[in-house]
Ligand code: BGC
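Shown here is one chain on its own, the form predicted alone, set out as structure tokens.
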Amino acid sequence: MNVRVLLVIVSCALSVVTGLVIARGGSTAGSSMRQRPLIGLSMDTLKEERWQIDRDLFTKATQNAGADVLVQSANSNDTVQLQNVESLITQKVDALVIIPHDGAAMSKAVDLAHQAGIPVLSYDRLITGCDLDLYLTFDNVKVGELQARFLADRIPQDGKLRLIRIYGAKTDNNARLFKQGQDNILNPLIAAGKVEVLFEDWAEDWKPENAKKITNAAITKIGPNFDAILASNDGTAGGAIQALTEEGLAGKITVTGQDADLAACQRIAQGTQAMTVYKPIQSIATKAAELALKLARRKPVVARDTVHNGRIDVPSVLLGIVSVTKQSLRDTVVKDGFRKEIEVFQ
């Protein structure tokens, strides 16, 4: 059972300090038999480049900090991911890090972990409807705001911006947060007649091919007379740009993105994508390793924010983000070592 109080309980198995403290009693059976803690990492997918980087950075940071990692990937299948979590629980991991495919579906995984006395960190995507221990992510509402602000700054002085919107996966709570941030900027402009949304849809599982289908459908319906595509990540931006290329529109339509994927950075350098949002993966992966190790060792964790997941206000750590354009590629992703200049400007 969780105990919530307004002070730090130093004798508990786990303390998360936010102004609220969550204490989880007990310890896993395996922890007393190991010299090095064992962390379970349950991932939605490894198909996208971004998640391969997360896995490698998290694993390296965790191992360097004195723990071992078991990694499972579900290939965007909720049933498989729950089975993966059950396998990690059976192997008596000391803490569990979950990148959920479907935040609601993974609430059962959190319940199962807690029954075994294992604390859970939700990584980048929120697990909803459960008694989650800790949430680590970037400011995802801010991501959407940066994307929409970039487009708002390009509204013709005496005209309006004609827009196609491509959202992410409905199963991903982050996709809704990105949309929330976009709406914060766009809704007043739509009401003022400065922005017109001509077509919009959700890209199932964030797949580029689904974003391409949405863009194709939009062009079929409205023709080529639009100004921008607000794509919620770089994968969907890539799918949209493929459709634009086939219509001879690539480079003529402003396209947003997010994640600073290598292909997206190359498109920005070439002029077919206008911007991306850089979420420093090094920072979230290494921070996740630090937090997971504290959870595994039942050490206090400081989380200064909370995010409501439909059941509780989850102690949360929110990390910063950066807008990237052609002019700032070298000063952001290249300077940080996230991308190599020769690869970006090939």
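Model, not experiment: these values are computed from the prediction. The numbering used is simple: start at 1 and walk along the sequence shown.
Keep in mind the form predicted together with the named molecule is missing from the figure; the text below concerns it.
- For the chain shown alone, N233 is a contact residue for the named molecule in the predicted bound form, at least one non-hydrogen atom being within 4.5 angstroms.
- With a 4.5 Å cutoff on heavy atoms, D94 does not count as touching the named molecule in the predicted bound form; it lies far away.
- Put simply, T276 is far from the named molecule in the predicted bound form: not one heavy atom of it is within 4.5 Å.
- Contact annotation: F178 falls within 4.5 Å of the named molecule in the predicted bound form, judged by heavy atom distances.
- The partner is absent here, but in the predicted bound form a heavy atom of N174, alone among T128, N174, Q182, N84, sits within 4.5 Å of the named molecule.
- This chain is drawn without the named molecule; in the predicted bound form, the residue among E145, D102, D133, D124 with a heavy atom within 4.5 Å of it is D124.
- From the list 254-262, 102-110, 209-217, 156-164, the contact stretch for the named molecule in the predicted bound form under a 4.5 Å heavy atom rule is 254-262.
- Residues E48, R50, W51 are the members of 47-83 with a non-hydrogen atom no more than 4.5 angstroms from the named molecule in the predicted bound form.
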